[in-house]
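What follows are C-alpha cells for two forms of the same protein chain, given separately as structure 1 and structure 2.
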Structure 1
C-alpha cells in the first residue's frame, strides 16, 4: 500500500523572547512589551523543527506554517521558512487572540488545507495557557497527543510518547491528529544564512479574519495585571553548621524527627 506524502501544519506565535523579564505597566492594564525583544515561542520552534525532521525523513511532503497576529509576526513565519517550512500563512489580526480563537482559525484553515498533522507548542511563554492544541483537536474531532517528547509516524498513524505526571505515556492515533511539543522532543537547529535568504522567496499568503469568517471570542476579560510579590533576598550563611542550626530554628521548617541534634 502506498501512502500520499503527509501535509503538516505548524502554528507559530510571536512572543517576548524567553531571556527577557517582562515589566508590568504602571496603570496595571497589561504588561509593557514596547521595545521588547520578540522571538518565536520556544515550543513553536520545537514544533517547526519536528516537522522539518519528519520531512527530511520522507514522511512529510509539505509544511505549512501559520501565524496569527499583526504584520510583525511575518518575521516568525520567515524564521520557520528558513528552518525548512515550505510556505507561510499570516492571519492578520491586531488584537490579542484567545486559545479558542486560534483553534477556530486553524479549524477554518484545515477546511482548505486538509492537513494530516498539526504540530503546535504545548504552551506559549506569554499567556502560559496550554490550551490551543487540545481545543483544535476538539473542534476537528480528532485525537490529540500533548507534551510530546517523541513522535514516530508509520502507516498513516502517529505513535507519540507524552510527558505526563509520573513518567511517560505512549499512544498511537490515526491521522489527522494534533501533537503539542514538549521541551525534550528535539533541539531546534539554527537557520544558515543561505536558507534565510531562500526563505525570503518562499510564498507567504495573508488572510484576514473576515476572509475566514471568524469573530473573536469575548468570554475572558483581562481586568488587571500586577507584579507578583517579590521575595527579599535573605542571608548568606558561612557554614553547613550554621545552615543546619538556622533551619532547625526556623519556625516555618519542620526538620525530621530522627535529626541528630533534635
Structure 2
C-alpha cells in the first residue's frame, strides 16, 4: 500500500532572543523592543526541526512555514526555510494577536492548504500561554498531542510520546492532527551558509487579515508590565555557629514546622 507524502504546516513566532535581558518601557505599557535582538521562538525552532526530520525520512513531502506579524517576521520565516522548510507564508499584522487569534488564522490557512500535520511550539517564551495548539485543534475538530517528546508517523497516523507528570504517555492519532513540541523532542540544527543563501530564493507569500477574512478579538487588554522583583544579595557566614544563630534568631528566616508543632 502506498501513501502520498504528507504536507506539514509549522507556525513560528518572532520573540526576544532568549539570551537577551528583557527591558520594560518607562511607562510600563509594554516590553521595550527597541534595539533588541529578536529570534525564532525556541519551541517553534524544535517544531521546524521535527518537520524537516520527517521530510528527510520520506514521510513529509512539503513543509509550509507560517508566521503572523509585521514584515520583520519574514526574518524568522527565512530562518526556517534555511533549516529545510519549502515555502513561507507571512500573515501581515501590526498589532499583537491573542492565542485565539493565531488559532483562527491558522484555521483559515488550513482551509486553503489542507495540511496533514500542524507542528507548533508548545508555547512561546514571551507570553508562556501554552494555548494556541489546543485552540487550533478544537477549531479544526481534529486530534491533538501536546508537549511531544517523540513523534512517529506510520500508516497515516501519528504516534506521539508526551511528557506528563510521573512519566511518559504515548498516544496514537489519525491525521490531520495538531502536535505541539517540547524541549526534549530534538536538538535543532544550525543552518549552513549555502542553505541560508538558498532560503532567499524560496517562495514567501504575504497575506493580510482581510485576505483571510479575520477580525482580531479584543477581549484581552494589556494593563501593565513590571520587571521581576530584584533578589537581595546573599550573605556569607563565617561559621556553623553563626549559621545556626542566624537560623534561630533572624526574623526573616522561616523554618518549616514539624507535624507535632504544626
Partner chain sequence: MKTLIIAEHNHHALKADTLVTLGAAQQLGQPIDVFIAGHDMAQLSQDTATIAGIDRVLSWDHEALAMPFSEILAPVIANLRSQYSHILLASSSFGKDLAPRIAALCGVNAVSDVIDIISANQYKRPIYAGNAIATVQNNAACQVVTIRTSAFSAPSHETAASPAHIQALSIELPDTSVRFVEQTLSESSRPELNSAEIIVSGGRAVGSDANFSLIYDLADKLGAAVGASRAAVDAGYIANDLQVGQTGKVVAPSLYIAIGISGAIQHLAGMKDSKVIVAINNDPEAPIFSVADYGLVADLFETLPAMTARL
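Computed from a predicted structure; not experimentally measured. Each form is matched to the other, and the largest set of C-alpha atoms that superpose within 1.5 Å is called the rigid core. Numbering follows the first chain given and starts at 1.
Note that the form predicted alone is the one shown as structure 2, not structure 1. For residue 238, the Cα coordinates differ by 2 angstroms or more between the two structures after the core has been superposed. After superposing the rigid core, the C-alpha of residue 249 moves by 2 Å or more between the two structures.
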